[in-house]
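Just the one chain here, the form predicted alone, laid out as C-alpha cells.
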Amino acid sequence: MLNFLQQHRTVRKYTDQTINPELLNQLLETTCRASNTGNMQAYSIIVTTDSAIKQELSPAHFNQPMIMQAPVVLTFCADFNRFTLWCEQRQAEPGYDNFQSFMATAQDAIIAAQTFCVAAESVGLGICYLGTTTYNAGEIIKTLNLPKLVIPITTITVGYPETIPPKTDRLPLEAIVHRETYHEFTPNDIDQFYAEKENSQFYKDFIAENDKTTLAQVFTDIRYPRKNNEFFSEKFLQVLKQQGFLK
C-alpha cells in the first residue's frame, strides 16, 4: 500500500474511454466513508459529465484542457446547507453560518477529495486537482446552482490516463516533518532542501523560459504574484459573505 501511494502522478491527458457508472458509484461510496467533522458529512460532490456544463465550467478554470477532455469532473463543495435544513426540520436551531463552520466543512471536502483520488488511482484511473476552484468560486456557484452555505473548494478531473507521466519532485522529508515542535530553518537548511529542485534541468529551463534568475522568482513574479493572491483573496471573501459564512 505504501509503495502504491508513492506512485502518484498528476494526469492531465486522458483517453476517450468513459468510466463505468457502477465503478464511479463505488468510488463515490468509498469516498463517503472518509473521516469528517462530527459525522455530519458537511460536504457535497457535484459530478459533471455533460459536455455543455463542462463548457460552462471551463472559463472558471482558465480553460484548462483537462476540463473538456476528462470524462468526469468532480467539484467538492463545503456544504452546511443540507445539515442546516435537517436541523430546521427537526426543531433544532442551526448555527453554521460562520467562519468556524466554513473551515470545518472545507476540511471535510478536502478529505473527501483526497479519499476519492486514492480510490480512483487504485483502480487505474488518473486524477488532477485544479487549484483554480477558489479563484473563481462565484462563477462556479452560478454554473452549478449552489445555494447559500455551499461553496466549491476543489475540483478534480478523472479518467483513464493517455500516458503515464513521470513522478514530480518532492522536497526531502526533513523539509516537511518537524519532530515534537516546529524547528525554524537555517539558510543552510533552505539551500539543502531546494538543491535538487534548483539543480534539475527541467527547472533551469523553466527559469530561462520565464526570463528569471532564480526559481523562486518564477513563483513570486509569474505563477503566484502578490497582486493575484490579494485579488483572489478579496474575491473569495466576497463569496464567503454571499454564501452566508461571513457576516
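Note that residue numbering follows the sequence shown and begins at 1. Because the structure is predicted, anything quoted here is derived from the model rather than measured.
Unshown form predicted together with a further copy of the same chain; subsequent notes refer to it.
Residue contact check for residue 15: none of its heavy atoms lie within 4.5 Å of a further copy of the same chain in the predicted bound form.
The shortest heavy atom separation between residue 178 and a further copy of the same chain in the predicted bound form is within 4.5 Å. Taking non-hydrogen atoms only, residue 69 never approaches a further copy of the same chain to within 4.5 angstroms in the predicted bound form. In the predicted bound form, a further copy of the same chain sits within 4.5 Å of a heavy atom of residue 87.
Contact residues in stretch 19 to 44 (any heavy atom within 4.5 Å of a further copy of the same chain, taken in the predicted bound form) are 25, 26, 27, 28, 29, 30, 32, 33, 34, 35, 36, 37, 38, 39, 40, 41, 43, 44.
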